[in-house]
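As structure tokens, one chain now follows by itself in the form predicted on its own.
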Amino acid sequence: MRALRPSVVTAVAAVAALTAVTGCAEKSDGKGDGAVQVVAKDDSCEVSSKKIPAGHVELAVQNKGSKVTEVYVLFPDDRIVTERENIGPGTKAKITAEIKAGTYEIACKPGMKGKGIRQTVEVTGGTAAARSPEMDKAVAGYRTYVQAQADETLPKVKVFTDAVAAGDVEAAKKAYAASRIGWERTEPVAESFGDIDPKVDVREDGLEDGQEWTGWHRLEKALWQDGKLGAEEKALAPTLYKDLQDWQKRVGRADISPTSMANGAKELLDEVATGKVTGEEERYSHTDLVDFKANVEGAERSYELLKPIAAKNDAALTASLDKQFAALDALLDRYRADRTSYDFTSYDKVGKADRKELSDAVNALAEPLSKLAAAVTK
């Protein structure tokens, strides 16, 4: 879940500077040539043009506020077209996306929470950017992948929710992490629907005013902190399963493009930086490394599908990505019984120095990964 948890901002300092960890922003006052300028402040979101030609659109974002921010391009119903998180004060970020003609909103979220400060923009002059057969093949491959992940997740979720409904704490604990793997691999697609993610994956401190707390993390807290499953938690089990059935039915209809695949891979690394490396995501179960590995696998799958295109346009970039993915995978392998197992070390047993090493490996991958969308569209 990418909603801000207030403790993330302070936790990042203990691991590394957030912008360094994510690789999504750099210190600069420069502007992107030919890009739509987005200036994010604590109380405003300034967009240089309210009319944008359809196709491959680049946003050059500058955060001139005092808070870490994120920028979204949203459909009218709040589904996500593209996003970039963790843009620190005084830094900039570039976002490349494929956008069809229509009405959208650009939202800046100072503090990375809430609905954001929004500007309506019109995208005109066409329906989409031209795609090569290789791009179509990559999109089709990724669509097959995300559907398979949803299909494989539901039986694992059923094991978990049945155990919760039966009040079997130990069985539910055993099934919890495995039930989340497919979701974590494909989370950017899941979040593009807007309404499912807050139901199933929100943390308590990410709740909006008046929002009921449901989903995995509500049950995680009951299992590991409370050590019991009351009537309310038992009643939430079928709700979680039903919400994920909705995800399974809708995931194949997600709006997927080569740039959304590339940006989604980067978003998964942001997930690692803001939740897994800090220990925030699974704060009760300490199963963060399971989520960590799933996020990396999802990012790597997007990259592998796009690699034939990116390699033609920027061979040095793909060489760097191959190297950094291999290094991060090897590092994660040190924390599990074998390379095929998801039996990872409990994250509360991972010391400060080791967390710093993991953080550095994420940083080394995130920086070149942030350039993948641009390489695909050259």
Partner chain sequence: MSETGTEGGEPAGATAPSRRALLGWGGAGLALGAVAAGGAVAAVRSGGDTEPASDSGAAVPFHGAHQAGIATAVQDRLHFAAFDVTTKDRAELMALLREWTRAAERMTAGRAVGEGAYGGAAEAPPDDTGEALGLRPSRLTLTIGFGPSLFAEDRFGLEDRRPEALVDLPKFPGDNLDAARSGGDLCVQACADDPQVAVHAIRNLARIGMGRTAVRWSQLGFGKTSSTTPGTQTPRNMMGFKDGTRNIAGTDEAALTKHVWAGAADGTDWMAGGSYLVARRIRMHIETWDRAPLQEQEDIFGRDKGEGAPVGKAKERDEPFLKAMLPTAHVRLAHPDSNDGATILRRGYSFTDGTDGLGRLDAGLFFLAYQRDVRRGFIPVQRRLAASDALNEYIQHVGSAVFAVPPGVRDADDWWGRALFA
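This one's a predicted model, so the numbers in the text were calculated from it and none came from an experiment. Numbering follows the first chain given and starts at 1. What we label the rigid core is the largest C-alpha set whose atoms superpose within 1.5 Å from one form to the other.
There is also a form predicted in complex with its partner chain; it is not shown, and the following applies to it.
Using a 4.5 angstroms limit between non-hydrogen atoms, residue 64 is distant from its partner chain in the model of the complex. Not displayed here, its partner chain is kept clear of residue 318 by more than 4.5 Å at the level of heavy atoms in the model of the complex. Taking the partner from the other structure, its partner chain in the model of the complex has a heavy atom within 4.5 Å of a heavy atom of residue 367. Interface residue remark: residue 354 is not counted as part of the site for its partner chain in the model of the complex, having no heavy atom within 4.5 Å. Residues of just one listed stretch (43-51, 341-349, 319-327, 64-72) have heavy atoms within 4.5 Å of its partner chain in the model of the complex: 319-327.
For residue 98, a C-alpha deviation of 2 angstroms or more is recorded between the shown form and the other one after rigid-core alignment.
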